[in-house]
Ligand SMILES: Nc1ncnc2c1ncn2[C@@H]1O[C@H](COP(=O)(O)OP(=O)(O)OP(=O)(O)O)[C@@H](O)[C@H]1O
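Only one chain comes next, encoded as structure tokens, the form predicted on its own.
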Amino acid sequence: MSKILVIDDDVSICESLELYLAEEGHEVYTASTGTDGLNAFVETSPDVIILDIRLPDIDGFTVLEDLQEESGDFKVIMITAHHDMETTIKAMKEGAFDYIHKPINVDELDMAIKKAINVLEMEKKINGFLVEKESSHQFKVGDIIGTTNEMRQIFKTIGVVCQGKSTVLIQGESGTGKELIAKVIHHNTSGNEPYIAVNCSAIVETLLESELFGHEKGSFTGAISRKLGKFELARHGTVFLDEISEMSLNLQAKLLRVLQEMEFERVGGKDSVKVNARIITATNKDLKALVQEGKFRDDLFYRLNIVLITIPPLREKREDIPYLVDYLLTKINRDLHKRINGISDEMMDIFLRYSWPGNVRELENLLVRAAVLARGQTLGRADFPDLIDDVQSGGADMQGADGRTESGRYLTLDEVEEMHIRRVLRSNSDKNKGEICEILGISRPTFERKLEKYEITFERD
């Protein structure tokens, strides 16, 4: 049963909706003015609000704006007698979940309410999907660590994707963790079913077709028996096609048919085999550019691009590096039976300025190598000779003390300011907003604007 608040100055509408919705099993409250509606919202904490745009004291848009500032999980469905597009666009732009015209069609309203309730339930699952470490405001899903708003949005997308079995395309540079995301989606969708990964660039075309679709006995030289392909073996699980950009145009056409018809034939076979697995693909290349170059089918691209997850490179989310180091060292200590307690401040500064062309994979490989050979419990310059040599030889893009990277580019004022704020926050993790403002020498409103500008999460107060 859900709580529904109806705000409308038409008494007959309030009464009829209250009667109808109560019969549907909902707990219903009504208000005839915007002010009474806002008060009723505070008192009842409804799940869904049915809000008329024209009210006797304040208009519905003002009520909607006030509701957006309130905490809680709820959806607003706006109703009006006006049918102009401008009003509809304004309502949706300002945060309404749905928009219904008068006279109210109860079937349309019922559908909108059910949709709103389903979305609320899904959002609660998504919020449960996110694990927050209160001391550092670090968000973690599986083995994926993130502190930025961009990463949190990725986690939310993963949560939404896990509610069904839609096709997912994951884009990102090598080493950013594309397969980790695929595994998290699989685990939270069909964890008891097989997860099968195929690297499309590691298998020649003639063998890749057989690997994916299987073959019948005698279909080609060496086919001494029937072989089941990855799509069959995955059953109701997941097929992860890594480096999908390397698949030949011939195989792209066959994969397109699988996505369109959810069936295929084994090589040399005639019988259709149903596909029940979710298909997740990944690439470190720009598929749109490959489509324009004629190297990737546009129809397949649109089939794969149902849900797109783009992972930022490590150099664009440097604030995650300290948390990644902590997490990876904990994992390394467990796997290698080591007792590494961290890295030196000097090395952390180098890590934060290094460009990480190999992304998280490079970071993990460096830490593993250093941990294996380390003589002490704190890793320092001596434990990362390859990285230090690269830095000293100018092979790494670093931010220098003069405000330039090693490649010669000067940092913008915004980049310097953002970097300084993040460093102050990182070095003063025990201080509240007021104390941070004193350190930075700015007012609280200015600090809030800069947090929003640079998408920095700060919730210590």
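Residues carry their position along the shown sequence, with the first being 1. Remember, it's a predicted structure, so these values are computed and weren't measured experimentally. Take the two forms, find the largest set of C-alpha atoms that superpose within 1.5 Å, and that set is the rigid core.
Beyond what is shown, the protein has a form predicted together with this ligand; the following relates to that form.
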One residue of 381, 114, 361, 369 in contact with this ligand, assessed in the predicted bound form (non-hydrogen atom, 4.5 angstroms): 361
Listed residue that, although this ligand is not shown, lies within 4.5 Å of it in the predicted bound form (heavy atoms), from 173, 232, 209, 98: 173
So in the predicted bound form, does any heavy atom of residue 278 sit within 4.5 Å of this ligand? no
Interface membership of residue 179, this ligand in the predicted bound form, 4.5 Å heavy atom rule: yes
Distance check, residue 242 to this ligand in the predicted bound form, heavy atom within 4.5 Å: yes
Looking in the predicted bound form, any heavy atom of residue 77 within 4.5 Å of this ligand? no
Only one of 341-349, 219-227, 266-274, 145-153 has heavy atoms within 4.5 Å of this ligand in the predicted bound form; I'd like to know which. 145-153
Triple contact flag 324, 327 and 331 to this ligand in the predicted bound form, non-hydrogen atom at 4.5 angstroms: yes
Taking 2 Å as the cut-off, check whether the CA of residue 33 shifts that much or more between the shown form and the other one after a rigid core fit. no
Pin down for me whether the residue 312-residue 429 Cα distance shrinks or grows in the predicted bound form relative to this form (closer or farther, change of 3 Å or more). closer
Do the C-alpha atoms of residue 359 and residue 427 sit closer or farther apart in the predicted bound form than they do here, given a shift of 3 Å or more? closer
